[in-house]
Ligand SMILES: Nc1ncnc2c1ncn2[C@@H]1O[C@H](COP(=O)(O)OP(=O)(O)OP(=O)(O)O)[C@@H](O)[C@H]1O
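Next up is one chain by itself, shown in structure tokens, the form predicted on its own.
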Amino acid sequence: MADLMTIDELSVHYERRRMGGCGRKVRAVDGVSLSIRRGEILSVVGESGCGKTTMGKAILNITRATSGRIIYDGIDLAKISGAELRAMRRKFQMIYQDPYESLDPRQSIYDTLLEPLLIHRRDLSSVQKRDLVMSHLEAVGLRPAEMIAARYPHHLSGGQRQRVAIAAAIILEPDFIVADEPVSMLDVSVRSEILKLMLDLQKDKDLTYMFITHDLSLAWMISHRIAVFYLGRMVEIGGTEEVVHRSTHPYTNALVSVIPTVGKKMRGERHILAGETPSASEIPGGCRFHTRCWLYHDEGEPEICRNSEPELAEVADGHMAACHFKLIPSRDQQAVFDVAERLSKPAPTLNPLGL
């Protein structure tokens, strides 16, 4: 797949203000480089506060980048504003985590979907705009569309609200969507329905997703590639099967080791991370993960981990990790992933959820 977008040394830093002056910088995103391929689902995985959402907003220019480049079709999105940025907004959209907060309670569902058309599709007549609103409500499973359109957000369930948010995101026919934990606030009973809807839309409309989640098992089911973040940096990226079955970074390995299994006890070693994630304003020297790294302690706390930050390096074709060590997955680790036959070999061209 050809690259849709290239992100080069992207950083987003904030000033943490204190009484009497400025405090330390919060390095929310700290020099991230990656390419996003057209038509793929790239999942960004990591703990809360690792910079996932900030990076997604910076890519869409909702949050201004401190430095770095975001290249789409030869245009650096980090450097445009005003009318030029507004024109590009049609190509990029975001689905937010909380459907109870992302919709304006004062607007009807019809007005919510009409608003982007009023801004970006002035070439359409009122009838054409209305037809688009109704067709997109139907496309996300909200029927009868006329009845739903007349309601307000507080009349709808959480799953229905998120369907409205998805309809609002796709009504301008974008190329790229950042989905920020789009099912984490929903009841378990409706999560699979929303995921299936998003996968169907991705296939039908040739969408490219950046899917932000803290759930590695969910990323494993739906993604073509997975990027693992820790404290503002990308520590591993690769094809889904490579990252899950042959994780190379100790942080990824720890996340993989606690993926729930179905019907079998885990035979591999579990790596439970100790302590809390350090503050983004006080990032440890050297490898920023070494304060919680089980491998660092197992290897006798080598000096290189404290003094030198590892760079991303290729460990297999298309698989990169930033670690001074190289893990070799054991046979026991493979047993962690023997969960169910329909999930063991997810194919990008099929529906891995089996729905």
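Computed from a predicted structure; not experimentally measured. All residue numbers refer to positions in the sequence shown, first residue = 1.
What comes next is about the form predicted in complex with the ligand, which does not appear here.
Three-residue candidate spot 16, 50 and 53; every residue lies within 4.5 angstroms of the ligand in the model of the complex by at least one non-hydrogen atom. Only one of 313-321, 66-74, 30-38, 53-61 lies within 4.5 Å of the ligand in the model of the complex by heavy atoms, and it is 53-61.
Taking 207, 218, 142, 280 one by one, only a single residue has any non-hydrogen atom within 4.5 Å of the ligand in the model of the complex, and it is 280.
Contact check for residue 175: every heavy atom lies farther than 4.5 Å from the ligand in the model of the complex. Among residues of the shown chain, residue 26 is one whose heavy atoms approach the ligand to within 4.5 Å in the model of the complex.
Using a 4.5 angstroms threshold between heavy atoms, residue 242 stays clear of the ligand in the model of the complex. Residues are counted as partner-facing when one of their heavy atoms sits within 4.5 Å of the ligand in the model of the complex; in 153-191 only 181 qualifies.
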